[in-house]
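This document starts with two versions of one protein chain, written out as structure tokens and named structure 1 and structure 2.
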Structure 1
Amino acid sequence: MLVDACAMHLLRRPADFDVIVTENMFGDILTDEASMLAGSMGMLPSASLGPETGNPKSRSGLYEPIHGSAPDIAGQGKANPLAMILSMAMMLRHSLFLEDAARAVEVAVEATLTDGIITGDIVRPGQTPATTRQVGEAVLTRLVNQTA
């Protein structure tokens, strides 16, 4: 599929896609567009997975949020940590094969969002945004409470 057609289809019918394999430049374009379906680039994790090696205990991969380092907001407590936390959940699932741990992280993120502890990039009118640290600590608290 050509990248422009893919972008249109992705925004119109995102559920039709599970995995998109593309070159880096087109991947950057498509992930930036797809991030708006989730509300922010701060919400989307990503993985570049190595080949399956036959070792059932590990698989190499590079895990990162789709956004860059955001030097314009560095040190201000504005960055959304959820994409990075969800990237870690992907690592637990796809490289370390720890499905229960990955799901626990995802449940903690979902609970944090449900409780309205969110950064400014996805805050609704009238809500007070939480800081990067507050969101990270909220996820950690919910994760610890799940596993206790």
Structure 2
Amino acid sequence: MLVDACAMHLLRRPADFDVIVTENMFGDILTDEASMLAGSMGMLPSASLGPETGNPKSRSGLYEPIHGSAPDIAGQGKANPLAMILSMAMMLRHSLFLEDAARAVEVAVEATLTDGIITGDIVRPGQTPATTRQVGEAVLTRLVNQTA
């Protein structure tokens, strides 16, 4: 698909895409466009993989949320930890090949959102925001309950 058409289709029919592969500059632009679909940057993880070495145990990779360091809210317990937790889940999948555990963490994050335990960046009017720690604890509880 040509990049100009892809930029349009990402807005017109985003659910039709599964995996997109592209070169460096087009990817730079399209990843930012695709991220905006989600509304909040606080939720999105990323991975950067190194070369395949034939090591069956692990593959080198760096895992980080796409949001920045948000110095204005640092140390106040307001930050949304879900992008970091989802980045860790990507590490389980892509570097350590622990698909079951990765999926379980993702399901625990989904359940936390469904239960409305969310930080101020994504709360709706009238909802009480949870702290960074409360959201993290909620994910832990749901992870344990799932596997019990």
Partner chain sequence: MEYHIAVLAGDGIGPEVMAEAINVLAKVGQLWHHDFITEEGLIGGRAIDETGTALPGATLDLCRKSDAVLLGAVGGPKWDDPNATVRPEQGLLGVRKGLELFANIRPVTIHPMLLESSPLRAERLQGVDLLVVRELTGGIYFGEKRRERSDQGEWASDLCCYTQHEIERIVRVAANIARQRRGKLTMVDKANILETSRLWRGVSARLMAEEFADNCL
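All residue numbers here follow the sequence of structure 1, with the first residue given the number 1. All figures in this text were calculated on a predicted structure; none of them were measured in a lab. Superpose the two forms; the largest set of C-alphas matching within 1.5 Å is the rigid core.
Enquirer: Looking at the two shown chains, say which is the form predicted together with the partner chain.
Expert: The chain shown second - structure 2 - is the form that fits the description.
Enquirer: After a core superposition, would you say H9 shifts its C-alpha by at least 2 Å between structures 1 and 2?
Expert: Yes, the C-alpha moves 2 Å or more.
Enquirer: Rigid core superposed, CA of S35 - does it shift 2 Å or more between structures 1 and 2?
Expert: Yes, the C-alpha position differs by at least 2 Å between structures 1 and 2.
Enquirer: What is the rotation of the smaller rigid part with respect to the larger, given in whole degrees, between structures 1 and 2?
Expert: Treating the chain as two rigid parts, the smaller one turns 22 degrees between structures 1 and 2.
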